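What follows is one chain in structure tokens, specifically the form predicted on its own.
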Amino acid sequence: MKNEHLDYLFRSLKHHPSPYIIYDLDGSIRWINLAAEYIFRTEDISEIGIKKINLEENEVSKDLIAQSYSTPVEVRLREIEFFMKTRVHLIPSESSKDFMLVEVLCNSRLGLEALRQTISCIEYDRIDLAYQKQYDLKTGQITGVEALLRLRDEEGQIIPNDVIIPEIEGESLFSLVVKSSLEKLKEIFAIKSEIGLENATIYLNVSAHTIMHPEFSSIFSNFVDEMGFKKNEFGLEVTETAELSSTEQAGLYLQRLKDSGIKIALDDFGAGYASLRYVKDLPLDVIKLDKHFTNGLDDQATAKLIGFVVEVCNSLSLEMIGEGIETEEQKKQMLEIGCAIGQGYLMHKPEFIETLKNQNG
């Protein structure tokens, strides 16, 4: 393991703010830096493993020097497994075995702390979901439920999302918690009928980067098969649409999920990155209008813009959900514009599953 060029690399990366892992092509881990020791809470590399990373190329080539690619990798830490967003650098070596340098994307000490907290929540089962219902604004019928991620500290208190999420790239958090979130979702599916949600779609938030990776497509499809869902009983709300560098490729992955019976919603429509191009090119079922539009309904231009989006959704047979409805006036205005489904504090505040059970007990 010890040789001059590797020693120099180790010294250079030891105190780097991003966690680094050196991974042999045979599947073993050679070394981790201090930042990696910190987020994984270990100094013993035998406690950590990485599922074999499959390169697109059939074999390692010297032509790949200095090339890298972004991919989620599956990490084994003691008794748990989870995915992390990484950048993998392939390092062909003349004087040693070829290896990969796995960089966990993180840019600050606060980011390291957020990663450490999140991994700890996974390991000690402190991942939770709160649920917010979506309603037909005319009939009051529940049409769907959004599952909202909540992390708890060691005392069981909710860690504010604005403490964790801004410090970790959106995709990093989604990749980390997606398997734990699916396990938690099983709880609400087990009692859907008992709590009046028999015909409602249960949505989980995922980032565009997550659904673009085939590993996650398989995870979601297998979840549907395992649970025996009916079509559209389970849905994904796609966020972080800035990651959709290729709508053609995204369309293929989303279609696979849709073919599995998963309902596809585009979240935060109009909030910076989402555009009509996504509506045209992606196999969507639902458009979720960003809450900033709801807050601006008194503005005539905003109301006309929402009306235009409603017309587009109607012509393409897409559902449209208005988020952030907090007043009766906003609800009335949404109906007048033609948005039939709404979500917001006026109708329902997010609740944990025990509260939902008690309300229907």
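Here the structure is a predicted model, which means the values were calculated and not measured. Throughout, we count residues from 1 along the sequence that is shown.
This next part talks about the form predicted together with guanosine-5'-monophosphate (G), which is not shown.
- Contact with guanosine-5'-monophosphate (G) in the predicted bound form, defined as a heavy atom within 4.5 Å, holds for exactly one of 200, 112, 148, 75, namely 148.
- 132 is the sole member of 132, 260, 71, 217 with a non-hydrogen atom lying within 4.5 angstroms of guanosine-5'-monophosphate (G) in the predicted bound form.
- Interface residue remark: residue 205 is counted as part of the site for guanosine-5'-monophosphate (G) in the predicted bound form, having a heavy atom within 4.5 Å.
- Proximity of residue 49 to guanosine-5'-monophosphate (G) in the predicted bound form falls outside the 4.5 Å heavy atom cutoff.
- Contact check for residue 326: a non-hydrogen atom falls within 4.5 Å of guanosine-5'-monophosphate (G) in the predicted bound form.
- Residue contact with guanosine-5'-monophosphate (G) in the predicted bound form: residue 10 places no heavy atom within 4.5 Å of it.
- Heavy atoms within 4.5 Å of guanosine-5'-monophosphate (G) in the predicted bound form map, among the stretches 316-324, 331-339, 297-305, 34-42, onto 316-324 alone.
- Three-residue candidate spot 196, 228 and 233; no residue lies within 4.5 angstroms of guanosine-5'-monophosphate (G) in the predicted bound form by any non-hydrogen atom.
- Applying a 4.5 Å heavy atom cutoff to guanosine-5'-monophosphate (G) in the predicted bound form picks out 267, 268 from 246-270, in order along the sequence.
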